[in-house]
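Presented below, as structure tokens, is a lone chain in the form predicted alone.
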Amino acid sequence: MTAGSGSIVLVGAGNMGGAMLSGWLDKGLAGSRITVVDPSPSEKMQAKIAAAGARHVTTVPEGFKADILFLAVKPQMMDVVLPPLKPIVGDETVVVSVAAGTTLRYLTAQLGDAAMVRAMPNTPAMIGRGVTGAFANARVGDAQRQAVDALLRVSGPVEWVATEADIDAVTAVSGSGPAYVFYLVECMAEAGRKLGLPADLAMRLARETVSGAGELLNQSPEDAAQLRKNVTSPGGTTAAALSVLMAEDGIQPIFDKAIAAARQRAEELGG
């Protein structure tokens, strides 16, 4: 990976931060470059940090400036976490936040006028199959952007957006999106149960169908619409189901409403 050569401070080694750290180390990033700030990482994460030769501290280290400061803590923790970090943010530091709803204006108020990237990964990042939307402010230089892109890309593709407001839409579509897919599995299984299938069998069928369809979509050069058409025989069972799902009062207006609600909440969290 081409994540530059400077120091990286990762604040938070929970699910998302831990997944990114594991990805960095697995891709060959030198552990000696990394300082992890977390009061209580899991035993497994502590062992991984130690084995990689990375530094683990429970409070913010003193006496140096971070080249990349990666914030992987929950939004509600920011008021407590950020003030002690200000001394390690220098003129050459780029700050990267993956906290939903945490705006660059808020980060600037807490950390000063620095180069900043606001990013929104999703939970499949934990298995290297996520997707991340990212926005960089005007202070981020080309080399900094490339380094941040490389660090984010260990979790999956990175899509850079034109405005910070777009991050709220990214949050609504892909940041929260895995939950929509998981709920789809629940709904399919419940519908199967109501048709008389044992509940556990209906769940297995729904789960394997959705995960298999996702992998087919991942591997196929065809887009989603074409793949849908490929499996839909005129007058067949799939066409009968799609006539309901694709009706004017079908699933599209529900998704429109749901994703708009998610975006509105992301905007509210950003104040």
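Just count from 1 along the sequence shown to find any residue number. Everything numeric here is computed off the predicted structure, so don't read it as measured data.
Although it is not shown, the form predicted in complex with a small molecule is what the next lines describe.
Taking the partner from elsewhere, every residue among G12, N15 and S40 has a non-hydrogen atom within 4.5 angstroms of the small molecule in the predicted bound form. Taking non-hydrogen atoms only, V81 approaches the small molecule to within 4.5 angstroms in the predicted bound form.
Among heavy atoms of M120, some come within 4.5 Å of the small molecule in the predicted bound form. When contacts are judged by a 4.5 Å heavy atom cut-off, P87 does not count as touching the small molecule in the predicted bound form. The small molecule is not shown here, but in the predicted bound form it comes within 4.5 Å of a heavy atom of A100. This chain is displayed without the small molecule, yet in the predicted bound form the stretch 67-75 from 109-117, 155-163, 185-193, 67-75 comes within 4.5 Å of it by heavy atoms. Contact with the small molecule in the predicted bound form, judged by any heavy atom within 4.5 Å, is made by just one of V140, A150, V173, M126: M126.
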